[in-house]
Structures are given as C-alpha cells and as structure tokens.
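Before any questions on binding or motion, here is one chain by itself as structure tokens, the form predicted alone.
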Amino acid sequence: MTKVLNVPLGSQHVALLEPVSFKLTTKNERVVEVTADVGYVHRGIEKACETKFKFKQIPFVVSRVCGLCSITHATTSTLAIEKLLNLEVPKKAKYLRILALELDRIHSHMLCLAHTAENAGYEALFMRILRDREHVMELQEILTGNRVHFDYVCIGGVNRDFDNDLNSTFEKYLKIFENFTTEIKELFLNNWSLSLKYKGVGAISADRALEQSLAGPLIRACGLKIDVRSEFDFLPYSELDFNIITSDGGDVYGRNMVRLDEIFESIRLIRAVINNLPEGDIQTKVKGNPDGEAIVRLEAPRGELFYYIKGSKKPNLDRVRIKTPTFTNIPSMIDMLKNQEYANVPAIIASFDPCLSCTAK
C-alpha cells in the first residue's frame, strides 16, 4: 500500500543550516516532488549600493551580504570597481587578498563539514570541528583586525600590511589545521555512519552537472576541473601553482572529499603566499569615479561569485548586480532531492552547503 505524505521542512528546522523552506511529497519514505522558497532574508543590498552609498563604501557594504564569505564579496566588488577606474593594484596587495580569501575558504568548508557531522548524529565531532575552526578565526583576526566582517580589502589594495613577525604564528596554526584535517579526513574515509553510507546518495552525473551549471565543490565532485581561480588573472593564483581539487561520484561522499582536500590546498596556498610575499606598498591612491561596465567572477567557498557593476563618472554606481553560487546551485539541489530516501534529505542539503544570506541579499 502506497502512503503519501506532504512534509514541510523549514524555514527553521534543526536539520537546515539556512532559512529556506522545502515542501516535500513522499511516497513510502521516498521523495517524489520538491518545491523550495528562498526569499526569507532579502535586505535590498543591491539597491542600497546604488542609492545610499558612494562607490568607495561598496566593498564594506557587500561584505555584509554573508558572514562566511565576507572577504570574497568585498574582493569581487573591489576588482570590478578597480576595472572601471583602470587602477593598478600593488602586487603585494594581490597576494594578501589571496591569503585572506583562502582563510575564508578554510573556515567555510570547516563549518560545512561540521554540519555534515551533526546531521549524521556525530555531535561530538561537530563541536570538535567548530573548536578547531576557532583557530582560523584567530588567524583572520590577526591578519585583518576582525573575526567576521573583516573590512580588509579596499579599492586600491588592502587596509593592513602583513608583518613578517607573524610568519611563525601562521605556521603554528597551519600545522594545527593540517593535523586536524588529516585526522578528520581519516574519519570521513573509513566511518560508515558518518560518510561511507552516503556513497551514491544525492549523486549527479558530470553531464547533468554541466547542463544545470553547478558551481564550486559540487561540480568538482563530479570529476570536472572547473574553478574560477584557474581562469582569470585578477589574482595571481597561477604564480602559486594552484591545483584544482576533484573527486568522483558527484555524491554526498564526493563533495565532502573535495572540501577536505581543498582545505589542504588552501593551507598550501597560504604558505606559498607568505613565503613569496612581494615587497612594496599595499594600496594605490584612488582617483576619479567609475565609468563603464565591468563583470568579475571569483571563486567563493561555494563556487562562482558573479558581480556586475556599472558607473557613469559619478560617486554613486548606476547598477550593482550580484549572483551567488547558491542561487546557481539551488535548482539542481531541488532536482537531486527527488527519488531520494527522506532520511537522506538532511545530508544532501548539508552537502550542498547552501547560503541563503548570499542568495536573498
């Protein structure tokens, strides 16, 4: 006998990381239909950037779009404005921007892995990951002066220099991250309840991922080497021998593996930045007002972050448009939940690492 249930999930739920609402139709514990509502936290940030704030303030405003990828939003908007100003940024500032971005990636991935552990019933592991994530927050505070909204990147460069006396402090923490991630990866590789049972769960093929324009760790978990960091020269990733991390299977297990290995890659990039940090200034003086249109794409922790900015030689911008990776990935997440066991829904959602603060803006 077929039993049909309509199950509301969210907008606030213990298994949901973000204020998103799902309506699931299940037949005998299997999801057959899904709808989603993502419009719970709209704040009008784009319109505020066009009407309330001067262009020099925009990086500080858009960094409030999200607390997890604050640096990425500020950096992407800054790069777009710098294109309109034809501004050449000091090389040292570019390297320091990479340093901040990769710290951002580590703490975002660690939070996602913590929620994955929590949804699998590993509350102690959830708390352990969050405890070690505090070390990343401490390094971010040492570098920028703040723990969440860093206000580190500015038009023309960065706001704080890197003191060479910090090298030993950074290396101490990087070793902690490395040892911790090695330990956690061992658990994800070998523990059935935490990880192995999710092989094949929430899977998507490489062709389907391309068709649906998946972004970030989600598409790289399908074995596809797609990462904005390898496509553009806005930041000198090519000088640091950046490697694209991939996995196979396109499932929950594969997405966890990509994030774990990307933490190792971010640690390596941070070391490369510190060891090869150029001498010189950290800011260029800003002259004039933005004129024209600019598009910049940057790799946020969750995938491609897109900014469109238009100016007409005025202190205020004419248009600011932001497209975040979660906005790109949500249609695929809805599609992927279909035909899955209802018990696996929290793990699939967590593996997507959705950010509705970014999406709704």
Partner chain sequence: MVKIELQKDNILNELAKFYDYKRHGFMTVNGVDLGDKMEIQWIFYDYSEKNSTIVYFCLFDYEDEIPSVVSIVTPAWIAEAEVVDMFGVNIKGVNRGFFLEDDSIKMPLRKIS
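Small disclaimer: the values here were computed from a predicted structure and weren't measured. Residue numbers count along the first chain shown, from 1.
Quick note: we don't show the form predicted in complex with the partner chain, though the next part is all about it.
Exercise: L210 in contact with the partner chain in the predicted bound form, heavy atom 4.5 Å: L210: contacts the partner chain in the predicted bound form.
Close approach of K56 to the partner chain in the predicted bound form, 4.5 Å, heavy atom: Close contact is absent here: in the predicted bound form, K56 is far from the partner chain, nothing within 4.5 Å, heavy atoms only.
Contact flag, R64 vs the partner chain in the predicted bound form, heavy atom cut 4.5 Å: Although the partner chain is absent here, R64 would stay clear of it in the predicted bound form, with no heavy atoms inside 4.5 Å.
Close approach of L194 to the partner chain in the predicted bound form, 4.5 Å, heavy atom: No - in the predicted bound form, heavy atoms of L194 and the partner chain never come within 4.5 Å of each other.
Candidate stretches 281 to 289, 144 to 152, 230 to 238, 246 to 254 - the one whose heavy atoms come within 4.5 Å of the partner chain in the predicted bound form: Flagged stretch: 230 to 238.
Residue (of V201, I274, I226, I267) lying close to the partner chain in the predicted bound form, criterion heavy atoms within 4.5 Å: Selected residue: I226.
Heavy atom contacts to the partner chain in the predicted bound form at 4.5 Å, residues of 325 to 361 in sequence order: In sequence order, F327, I330, P331, I334, T359, K361 come within 4.5 Å of the partner.
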